[in-house]
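Only one chain is included here, represented as structure tokens and corresponding to the form predicted on its own.
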Amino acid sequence: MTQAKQHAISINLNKCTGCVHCLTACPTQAIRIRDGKARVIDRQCIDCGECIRHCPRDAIESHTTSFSDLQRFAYKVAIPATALYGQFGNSVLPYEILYALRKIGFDHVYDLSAICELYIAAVEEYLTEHAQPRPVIASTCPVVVRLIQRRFPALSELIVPFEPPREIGAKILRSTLPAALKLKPEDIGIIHITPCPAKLVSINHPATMKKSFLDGAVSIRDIYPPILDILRKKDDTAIMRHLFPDSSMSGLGIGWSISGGETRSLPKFRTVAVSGVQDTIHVLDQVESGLLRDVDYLECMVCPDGCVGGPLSIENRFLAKSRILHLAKKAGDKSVIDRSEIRTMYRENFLSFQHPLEPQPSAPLDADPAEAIRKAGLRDEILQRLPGKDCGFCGAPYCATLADDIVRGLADIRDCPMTWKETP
């Protein structure tokens, strides 16, 4: 049996043994062990995939778009994350991967590297035009956006108000393909190829627009085998180069799948790049404390080393990173975008959020402020009675989390076996 969730992650209860690996790995304390099984608290989950990395039983499952889901579209377009280019070894070039995507059923494939360069050029315009506040935070990682909404809601206004490159690319295609193909917009399926499950959540539940321009997200893990099968045949090399010439790809954009890929394109500004969920939380804590105000742009990617470390990737992230660096160097730093067109798109708000990002702070202990203060005091008293070992035996990750759950009526102090033994 699979525990269905509104998120892109769920727990297979048949495989779950109730160990505490996911419990302690979750950065938002969104998991509890109840009746010997892990349970996800929907309102706290940010779909970062840390539980997938740490589960020793493969009991955490991700849910992305399947190939069968795509059959409802008359015309199918793939927009692969540039992390895909790092998955297939040193001898495989991006145009070969894009060609393989066409061979396995996509009618059109859209390289995202130029759109990544477009995004950062627009960011440069924004930083120049808006001197304050600082630091401006990248909007590209959907997990970081959700993390800020929930854990650092006061920082929501610092996120650069541009849709990420995958949505910008899909929006461009939505504005041109129906007329060019003489098809209804709903007959055209635009699909992202993703290294992380959070992208599907951002498509199904967009934070800053009414409806995503994308129709789904297929995981790299699922699409890797058929691509590899095509690559092994190595046919039609001349056709591949004609369809996807190297000159149309941006070296600056290809490098986006590794940490520092964005900041590398902003040499005129003071920038910081951070990756990994714990380091990201640490830096955001500093931003919330008023530090880093001398930094213009903060790039945060929750996966270690960036998107190449996504939980739905195949390749060892260190090898994938090395491969991406090689490809970016080979493509060079020569720009493939028209700056005057970017400025026009910027002025016309083509890249902008449709509505502001809404903070989603944790629910207070009580709607009545006076009662909330009383419960906070009670929570402190309960915490003093707990052993402070943060062992997870109670089903909560930390003693402080258990104390909070008790005050909210979600747990009992006897859930802590050490306290229970000491209770008369």
Partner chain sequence: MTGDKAFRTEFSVKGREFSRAGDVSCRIKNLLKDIGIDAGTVRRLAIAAFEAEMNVIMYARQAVISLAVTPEKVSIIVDDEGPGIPDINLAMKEGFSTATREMRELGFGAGMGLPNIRKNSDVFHLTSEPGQGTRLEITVCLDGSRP
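Computed from a predicted model, the values in this text were never measured in an experiment. Residue numbers count along the first chain shown, from 1.
Not on display, but discussed next: the form predicted together with its partner chain.
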Query raised in the report: Is it the case that 53, 276 and 323 all touch its partner chain in the predicted complex, with a non-hydrogen atom of each within 4.5 angstroms?
Result: no
**Report entry** Selected contact from 289, 128, 91, 176, since only one has a non-hydrogen atom within 4.5 angstroms of its partner chain in the predicted complex
**Finding:** 289
Report summary line: The one residue among 41, 70, 365, 357 placing a heavy atom within 4.5 Å of its partner chain in the predicted complex is 365
**Report entry** 4.5 Å heavy atom contact, residue 391 to its partner chain in the predicted complex
**Finding:** no
**Report entry** Close approach of residue 408 to its partner chain in the predicted complex, 4.5 Å, heavy atom
**Finding:** yes
Requested in this report: Would you please decide whether residue 168 lies within 4.5 angstroms of its partner chain in the predicted complex, comparing each non-hydrogen atom pair?
Outcome: no
Query - Contact flag, residue 146 vs its partner chain in the predicted complex, heavy atom cut 4.5 Å - result: no
Query raised in the report: Picking from 58-66, 365-373, 391-399, 42-50, which part of the chain touches its partner chain in the predicted complex when contact means heavy atoms within 4.5 Å?
Result: 365-373
Query raised in the report: Since the partner is left out here, which residues of 42-71 would have a heavy atom within 4.5 Å of its partner chain in the predicted complex?
Result: none
